[in-house]
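Encoded as structure tokens, the following chain is the form predicted alone, with no partner shown.
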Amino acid sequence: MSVVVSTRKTIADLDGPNGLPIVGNLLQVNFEQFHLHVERWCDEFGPIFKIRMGPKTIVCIADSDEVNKLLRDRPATYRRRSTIESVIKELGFNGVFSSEGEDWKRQRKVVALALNSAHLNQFFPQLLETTRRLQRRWEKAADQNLSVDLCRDVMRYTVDVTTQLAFGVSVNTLETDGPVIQQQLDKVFPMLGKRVNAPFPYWRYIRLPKDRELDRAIAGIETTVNGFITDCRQRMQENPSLYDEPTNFLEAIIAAQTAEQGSKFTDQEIYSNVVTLLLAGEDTTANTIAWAGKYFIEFPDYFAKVRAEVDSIVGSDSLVSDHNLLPRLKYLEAFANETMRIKPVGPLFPMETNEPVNLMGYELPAKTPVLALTRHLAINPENFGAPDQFNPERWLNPQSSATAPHKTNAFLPFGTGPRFCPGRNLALVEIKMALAMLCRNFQIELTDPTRKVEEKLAFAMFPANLKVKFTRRQ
């Protein structure tokens, strides 16, 4: 009698780092550098492997074609980790970023309409004024020879831009201490990252001081934002022309809600998406600008080329004063792309399966956590030539033998597929405006060149210890 041997491979057959009973690999990682741990394991175990974080087994994948397929197969076959949605639901702002299925489809259409190019062009004068405020802040720092925490400064900039875009309210944290809501938003992202990665949802059973502080912050945000929504509705009733020509995100999303008869886009979803925009606009764009500032310092020859381009395009102005000039900043855009290739704000992309799937030959049951190593794709020599070298010119001449191959499907700072980031255009406009202004007006250097700038992960990846000094350009 012959014996039939099954050739099916399961999660149990996947290789991965050795761990301890019960806790698995949990004690081997520092969550502020979690992305670095899994990237090193990927180098050791290959493009698909597993890790165990307490009771959870997570399948990690770093194959560009497979990751693109995963992202395109959302929201049907794959979804964001359900932990993300449950944690954000508890906090009360389950918007287009974290929602799934039909909830996501309804919200996506309205949010994309509110963030389209026409609305961003209408918003440009306010963005221009906020960029001038950042310029004045750095001029003051230069004149007083101050050390500047670059992350904190550009975060003030993105908060001001996003709040103006969201509500039509100029909070001006760049020149004042700013409103309380900015301080409240600062408390959300770090705690969100901790809760999403926690092996056990302790906060549902016991509230630590940080959890109570988060509760107070969320309550304050809800009061403030709902007040803005009430005021906005009243303003639009008094001036119906705002339904046809909205001046900010909140007006645009209310107008879209009114136009989308039968969409059932609720007031709670308006609140959720406004808060989502505030959070996403504060940290992610700011971190990209900060990393680019570091590379300006590290690569003065590339900085000089960006500056020459900016000088030639803006003429006698001190910054880009016409939104039609932004697409002409090709070298600056290449510099930003190279920054996002090496220092993406989202180096990891957590998902899970909605149904049983076959992933690279392994059978995964429904609800299997899957972690895409998106940064690892972009620094893999199979996808980009000389991947450890910062070279923006690879984006201007992708066929160059010096930087080949150049697989753009391994470059995913905004995702891909149906859930491609709807805020991409806004982010790129902010990045170009801030960096062009910096090049045009300042020299920049590290306050302490001996102090290492480190990667830290707190839901988004950011540069720690990035203190700089500005000098006015002569």
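Each residue number is its position in the shown sequence, starting from 1. Because the structure is predicted, anything quoted here is derived from the model rather than measured.
Beyond the structure shown, there is the form predicted in complex with protoporphyrin IX containing FE (HEM), which is absent from this document and is the topic of what follows.
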{"item": "Protoporphyrin IX containing FE (HEM) in the model of the complex: contacting segment from 62 to 70, 433 to 441, 411 to 419, 44 to 52, heavy atom within 4.5 Å", "value": "411 to 419"}
{"item": "Listed residue that, although protoporphyrin IX containing FE (HEM) is not shown, lies within 4.5 Å of it in the model of the complex (heavy atoms), from Phe167, Phe349, Tyr78, Trp138", "value": "Phe349"}
{"item": "The unique member of Phe123, Phe97, Trp291, Phe303 whose heavy atoms fall within 4.5 Å of protoporphyrin IX containing FE (HEM) in the model of the complex", "value": "Phe97"}
{"item": "Contact label in the model of the complex: Tyr157 to protoporphyrin IX containing FE (HEM), heavy atom within 4.5 Å", "value": "no"}
{"item": "Contact test in the model of the complex: Gly281 vs protoporphyrin IX containing FE (HEM), heavy atoms, 4.5 Å", "value": "yes"}
{"item": "Proximity of Leu426 to protoporphyrin IX containing FE (HEM) in the model of the complex, heavy atoms at 4.5 Å", "value": "yes"}
{"item": "Thr130 within 4.5 Å of protoporphyrin IX containing FE (HEM) in the model of the complex, heavy atoms", "value": "no"}
{"item": "Val111, Leu115 and Leu277 all contacting protoporphyrin IX containing FE (HEM) in the model of the complex, non-hydrogen atom within 4.5 Å", "value": "yes"}
